[in-house]
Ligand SMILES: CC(C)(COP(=O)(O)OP(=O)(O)OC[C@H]1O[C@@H](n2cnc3c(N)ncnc32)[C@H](O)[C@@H]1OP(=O)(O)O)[C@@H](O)C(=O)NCCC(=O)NCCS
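Below sits a lone chain in structure tokens, taken as the form predicted on its own.
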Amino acid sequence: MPEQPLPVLETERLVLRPYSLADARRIQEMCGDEAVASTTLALPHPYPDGAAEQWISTHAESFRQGSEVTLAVTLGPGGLVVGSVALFLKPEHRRGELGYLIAKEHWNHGYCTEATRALVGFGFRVLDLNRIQATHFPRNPASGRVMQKLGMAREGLLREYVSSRGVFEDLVMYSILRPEFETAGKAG
């Protein structure tokens, strides 16, 4: 992993940037929403006080170690934080796992697809990944549509693969390989 700070990525409407401690309150609001938390495996609900600050404090070191890149999704430079995108990296396999969330009041505006497309491009072009994968709960088909819009291929259903809030849940697995992403970029 390069000895550089977390990246800033810009899209037509969004800026993906490193989180700062000033974002902690906004994270608490977004992640404290049961509708958002229920679509993720990792978010506790209720979201504990102090968790956002602790989470933010891990990002720079995780990037330096080559294990993760996590960025805030904002509405333009200096704009409101509307979500989060991350790649959880396995450098030894040149693989990343995509994770994302968007605040409920910003669902259905295409922000998730726009932000994840930028991060996937960074993963392939800058981090030299070969494969990026993602999973979603079958009860959250909107997340699957984001994966499809990225050009990811559905690989299958992992039955009762995880325990979330005391319930075994299935996961739907998608992935995209570097040549597929490069081909999709030339077509679009």
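Note that residue numbering begins at 1 and tracks the sequence as displayed. Small disclaimer: the values here were computed from a predicted structure and weren't measured.
Separately, the form predicted together with the ligand exists; it is not shown, and the next lines address it.
Trainee: Please pick, from K149, R26, R131, H45, the one residue with any non-hydrogen atom lying within 4.5 angstroms of the ligand in the model of the complex.
Mentor: Contact check passes for K149.
Trainee: Here the chain is shown alone; which of L89, A118, C112, A86 has a heavy atom within 4.5 Å of the ligand in the model of the complex?
Mentor: Filtering the options by heavy-atom distance leaves C112.
Trainee: Any idea which of 156-164, 45-53, 139-147, 63-71 reaches within 4.5 Å of the ligand in the model of the complex, heavy atoms considered?
Mentor: Among the candidates, contact is made by 139-147.
Trainee: Hey, in the model of the complex, is V36 touching the ligand, heavy atoms inside 4.5 Å?
Mentor: Residue-level check for V36: yes, a contact with the ligand.
Trainee: May I ask you to state whether V81 is within 4.5 Å of the ligand in the model of the complex, using heavy atom distances?
Mentor: The answer is no: V81 has no heavy atom within 4.5 Å of the ligand.
Trainee: Would you mind checking 98-123 for residues with a heavy atom within 4.5 Å of the ligand in the model of the complex?
Mentor: Heavy-atom contacts within 4.5 Å come from Y100, L101, I102, H106, W107, N108, H109, G110, Y111, C112, T113.
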